[in-house]
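Shown next as C-alpha cells: one chain only, the form predicted on its own.
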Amino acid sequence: MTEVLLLGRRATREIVRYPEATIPTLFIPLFFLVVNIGQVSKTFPSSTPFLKGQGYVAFQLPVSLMFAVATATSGLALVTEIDLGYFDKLLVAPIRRSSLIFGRLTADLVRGIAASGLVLLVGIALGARVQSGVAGAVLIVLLSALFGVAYAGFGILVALRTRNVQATQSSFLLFFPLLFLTPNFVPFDRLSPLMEALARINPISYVIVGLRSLVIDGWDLGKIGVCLLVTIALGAVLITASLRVIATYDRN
C-alpha cells in the first residue's frame, strides 16, 4: 500500500506539473456540453416528458462527465516512461509491479474527481438541478471518477502491449463510437430499433443512465446499482488484463 501511495503521489504531481496534458481533456466535454445544448435545447424544452421539468443540460451532463474522465492520460504517461527508459528502472526497483499500475490509477482517481467536479459545476451553472441533492452530486462525481479509473485500465493495457505513443493516444478515440452508441441524446425508447438494440448491449449506456437518474430522477437505486456494477466489472476486466501484462513484461 505504501508503494501505491508513493507512486500515486508522484503521478498526481505530474498532473499538477504538466497541466497542458489535462486541460485539453476538459475542453472537449465542456465544448460538447455547450454545443449540444445550443443545438438541441429548443427541440427538447423543459416540458419534454423525459426531462421532467429540467432543461436539456440536465440530460446531456452525464455524457460530458464521461468525456471528462475517459482519457488515455495514464497510458500516455506510462508509454512515455517506457520510451525514456525510466520504466525499466522502475521494473528493477524493489517494488511490486502491480504497484506501478495502481499508482497510476490512484492519480486517475484524483484527476477524475477534479474533472468531473468541474464539469458538474459548469452544468449546474448552465441550469441543471441535481434532484438527488448534495449527496447525489457527490455520488455523481465519485461514480464518474471510478469509471475514469476503470477506463484508464484500457489505456495502460494498450501502452504495455504496444509500447507506442500513437497507438496509446488512439485508444481514447475508441471511446467515441461507444459513447455515441448510447442513449446520449434521447432515452432508449426514442431510438430506432437497431440503435436501441446496440445501445442496450453497450455497458456505457448504463453508466450514463445511472448518472442521469441522479440528476433528473433523484434516488433510483436500481439504476445507480447497475451503474456501479458495470463500472466495477469493466474495471475488473481491464485492470486485471493490465496486471497480467505487466507481470510478464519483458524489458527487451
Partner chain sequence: MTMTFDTHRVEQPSALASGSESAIVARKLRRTFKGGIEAVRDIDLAVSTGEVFGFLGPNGAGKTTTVRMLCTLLPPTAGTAMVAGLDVVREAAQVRRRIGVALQEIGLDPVQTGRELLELQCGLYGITGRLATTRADELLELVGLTDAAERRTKTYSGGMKRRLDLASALVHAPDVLFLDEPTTGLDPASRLTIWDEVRRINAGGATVFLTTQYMEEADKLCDRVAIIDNGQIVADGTPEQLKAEMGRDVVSVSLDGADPAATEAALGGLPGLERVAAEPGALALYVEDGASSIPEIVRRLDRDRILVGAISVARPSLDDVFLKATGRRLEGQQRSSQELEEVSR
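Since the model is a prediction, treat every value here as computed from it, not as a measurement. Residue numbers count along the first chain shown, from 1.
Here the subject shifts to the form predicted together with the partner chain, a form of this protein not shown in this document.
J.: Of the options 174, 84, 121, 167, which one has a non-hydrogen atom that comes within 4.5 Å of the partner chain in the model of the complex?
T.: Among 174, 84, 121, 167, a heavy atom within 4.5 Å of the partner chain in the model of the complex occurs only for 84.
J.: Given that the partner is absent here, does residue 93 sit within 4.5 Å of the partner chain in the model of the complex, heavy atoms only?
T.: Residue 93: contacts the partner chain in the model of the complex.
J.: Is residue 244 close enough to the partner chain in the model of the complex to count, meaning some heavy atom within 4.5 Å?
T.: Flag for residue 244 set to no.
J.: If you check in the model of the complex, is residue 129 within 4.5 Å of the partner chain, heavy atoms only?
T.: Because no heavy atom of residue 129 falls inside 4.5 Å of the partner chain in the model of the complex, the answer is no.
J.: I need the one stretch from 108-116, 174-182, 139-147, 94-102 whose residues put non-hydrogen atoms within 4.5 angstroms of the partner chain in the model of the complex.
T.: In the other structure, the partner sits against 94-102.
J.: Within 4.5 Å of the partner chain in the model of the complex, which residues of 236-250 have a heavy atom? Give them in sequence order, or say none.
T.: Only a single residue, 250, comes within 4.5 Å of the partner.
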